[in-house]
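Form predicted on its own, single chain, as structure tokens, below.
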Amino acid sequence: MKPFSSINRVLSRLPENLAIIFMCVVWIIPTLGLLVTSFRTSEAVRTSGWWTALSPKQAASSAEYTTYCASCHGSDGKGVASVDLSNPAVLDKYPRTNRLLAMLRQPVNGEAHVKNPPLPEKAADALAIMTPIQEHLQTLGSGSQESVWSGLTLRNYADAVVGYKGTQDYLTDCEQKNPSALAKFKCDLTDVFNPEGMGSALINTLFVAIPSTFFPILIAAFAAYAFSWMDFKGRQWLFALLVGLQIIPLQMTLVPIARMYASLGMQGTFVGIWLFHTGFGLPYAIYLMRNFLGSLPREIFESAYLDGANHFSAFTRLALPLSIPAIGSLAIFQFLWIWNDFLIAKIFLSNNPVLTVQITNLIDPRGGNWHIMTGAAFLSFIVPMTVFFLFQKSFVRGLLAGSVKG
């Protein structure tokens, strides 16, 4: 019977395992696509799917290249000695098809660069021809076979950090010393703190998230101790009111609080957003801390009171050390909520954008630059993922706070 019992056990867990696998696949595949895209050039993002970057590319002939370029430059790109199309340094000057098209339309020795057959007059038709030519040139520049990693770049991350929105990329324009594209940049480490970049937004986000995590936990710890171990009139009714406040949507309060902040001169200040996050984080924080502190053995506090300890001593020497798991879990919840907040930061701190707001600011007026947004998104992941993995044990223990009493 043992083999059959093992089979039954496996079959009974099969739906659960399949559901877990399905959810993992649903989340992992888009995340993997976003990660791969963050390392690809804008041209590669525009012309092919992210999955094509995960396999080596064989050198292949291009009908467009053969038609328009091979008669002068040869099939290997080395027909003109002064312009070796297999040289990556030459190709780096034309990272986009529109720049390659502009160069090909410039006359050479008073004649058209491309004469037989000529390039189409319509820009859309010409760009359609440039895309396979560009891909063929990239293949020539990388040799007979392009490795999986050779087509990837870190330039998207550099653009996201400094907030670059030019026609090429930040590092290329700095190398070429392009003054028209670098009006706001100095091509040194000070560019990391450009107000339009993710570096400056990271500092703003930390300046918002750390105090907005600390203040609710501090206040909630005092309140939770009072609800758990101090007798006062209306204690249960007040606690029930606090629990009910968790269901109030914060969107209802945005307009009145914004008007109040405007009258007090607090609109657009860090103090204002600290108070907002503290106020809306307190109900859940008090609820979680109270459940944990209320589950602690009463005998511990009674013995402390008999030894002459007052409530403050019992709170600082007993309650706080014993509630570290709950505090760790609450800190992770609060920190991640604030770190990923967009609406509140957009309304109350528009002059000092945080990461979530700055990511949307990287979009150009025509809706482009989203290849840079992928790099910016992963830059915003680093800190919360680090916090979660560092305090993972406290997070799991804190989730069980108050679930078992005694």
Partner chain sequence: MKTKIWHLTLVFVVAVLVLSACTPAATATPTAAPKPTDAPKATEAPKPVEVPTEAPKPTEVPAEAPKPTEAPAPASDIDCTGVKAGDKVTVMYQWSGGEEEKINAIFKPFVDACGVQIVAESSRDAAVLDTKAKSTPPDVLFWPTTAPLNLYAAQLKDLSTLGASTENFADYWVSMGSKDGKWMAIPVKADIKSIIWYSPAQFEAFGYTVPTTLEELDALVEKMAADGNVPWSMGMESAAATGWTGSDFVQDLLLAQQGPEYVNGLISGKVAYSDAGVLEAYKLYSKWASDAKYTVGGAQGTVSTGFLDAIYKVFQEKPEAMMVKQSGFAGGEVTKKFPNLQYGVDFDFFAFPGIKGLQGGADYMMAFSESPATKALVTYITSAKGAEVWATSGFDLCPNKLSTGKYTDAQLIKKAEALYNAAGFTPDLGDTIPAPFGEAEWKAVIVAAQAGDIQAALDVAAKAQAEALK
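Here the structure is a predicted model, which means the values were calculated and not measured. Throughout, rigid core stands for the largest set of C-alpha atoms superposing within 1.5 Å between the two forms. Numbering follows the first chain given and starts at 1.
Just so it is clear, the following notes concern the form predicted together with its partner chain, a form of the same protein that is not shown.
In the predicted bound form, at least one heavy atom of residue 262 sits within 4.5 Å of a heavy atom of its partner chain. In the predicted bound form, its partner chain lies farther than 4.5 Å from every heavy atom of residue 176. Interface membership of residue 86, defined by any non-hydrogen atom within 4.5 Å of its partner chain in the predicted bound form, is ruled out. The closest non-hydrogen atom of residue 320 lies within 4.5 Å of its partner chain in the predicted bound form. A single residue from the set 187, 258, 114, 192 has any heavy atom within 4.5 angstroms of its partner chain in the predicted bound form; that residue is 258.
Contact residues in stretch 288 to 316 (any heavy atom within 4.5 Å of its partner chain, taken in the predicted bound form) are 312, 316. Relative to the superposed core, residue 237 undergoes a C-alpha shift smaller than 2 Å between the shown form and the other one.
In this overlay on the rigid core, residue 294 has a C-alpha that sits less than 2 Å away from its partner position between the shown form and the other one.
Remark: with the core as the superposition reference, the CA shift of residue 129 between the shown form and the other one reaches 2 Å or more.
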